[in-house]
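As structure tokens, one chain now follows by itself in the form predicted alone.
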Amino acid sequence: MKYSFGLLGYPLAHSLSPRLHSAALKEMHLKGEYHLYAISPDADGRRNMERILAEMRAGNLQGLNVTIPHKQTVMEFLDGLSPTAGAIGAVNTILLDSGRLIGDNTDAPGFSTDLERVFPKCRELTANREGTSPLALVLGAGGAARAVVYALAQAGWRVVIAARRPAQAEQLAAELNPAIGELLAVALEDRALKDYCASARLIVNATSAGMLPDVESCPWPARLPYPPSAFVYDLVYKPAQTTLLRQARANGLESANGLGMLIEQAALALERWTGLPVPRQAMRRAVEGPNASLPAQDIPNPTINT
């Protein structure tokens, strides 16, 4: 059997997904291909998305990933949601089940797994459920933030959602509260966040600030000191060293980018599509280290404009 997978999103010129999945499929001795479907967020893009999903429903595609800006808008085209995707309210993986398209979310477990890898102390911080839960600040309120907030709350963190548009943070908190309990929502500005800085043990950037090509931007308010004991996790992985991560390390804080989350969520999706264990190390070697032919920011990937 030859598999056919793909990614829905916009823009996609810098996506590492084809390289990750190709490396895994080769290591698994499976034939397959992974396409990029650049779906613009307009009426034409909507029609193209419907056409691609129809191809999958017909069995011509065995799996699709979804990235910004379609993690929520794609849901209306699907036939059902997994419990995790339903609770989060965002989809990053689409499965084919007897001709039905089921939306799933591997971002949440992908984030949790990588956070424990790069920040092992997080398990210790959340182990005592009878004490005060550690505080996490999540910057952003989009589809990626939904998965991060869900994963952190499930693990026992108290979560404050901070967004440039406070109404968006409040909406996210209201929509997730029934599934995971009380969440706080504030504006992403120094005055609103300063009361939480002393006790925050984790900062997660779930915005696009700092992502190529806008590499100089930083989501953390310029006049706000960094929490003295926080770990900083930036979902952005291109460039590998964002402004946020450079500032965090300059302030003596441990930090990590989101490449590990990208690898883990991709591996989980491929496992769901094939039913087979996926070699994470092969995926990692494909995008970093001596076996990666180009630095991550320079890896060319063809985009299929539909």
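Fair warning: this is a prediction, and the values are worked out from it, not measured in the lab. For every residue, the number given is its place in the sequence shown, counted from 1.
Just so it is clear, the following notes concern the form predicted in complex with a small molecule, a form of the same protein that is not shown.
- The stretch that touches the small molecule in the predicted bound form, counting heavy atoms within 4.5 Å, is 235-243, out of 53-61, 235-243, 276-284, 38-46.
- Although the partner is absent from the chain shown here, Lys71, Ala141 and Thr207 each have a heavy atom within 4.5 Å of the small molecule in the predicted bound form.
- Comment: the small molecule is not present in this chain, but in the predicted bound form one of Ala145, Ala90, Ala151, Ala136 has a heavy atom within 4.5 Å of it, namely Ala145.
- With the partner removed from view, the residue among Arg100, Arg165, Arg223, Arg191 that has a non-hydrogen atom within 4.5 Å of the small molecule in the predicted bound form turns out to be Arg165.
- The small molecule is not shown here, and in the predicted bound form it never comes within 4.5 Å of any heavy atom of Ser229.
- Mapping the unseen interface onto this chain, Met211 counts among the residues with a heavy atom inside 4.5 Å of the small molecule in the predicted bound form.
- Using a 4.5 angstroms limit between non-hydrogen atoms, Asn65 is distant from the small molecule in the predicted bound form.
- Contact annotation: Ser217 falls within 4.5 Å of the small molecule in the predicted bound form, judged by heavy atom distances.
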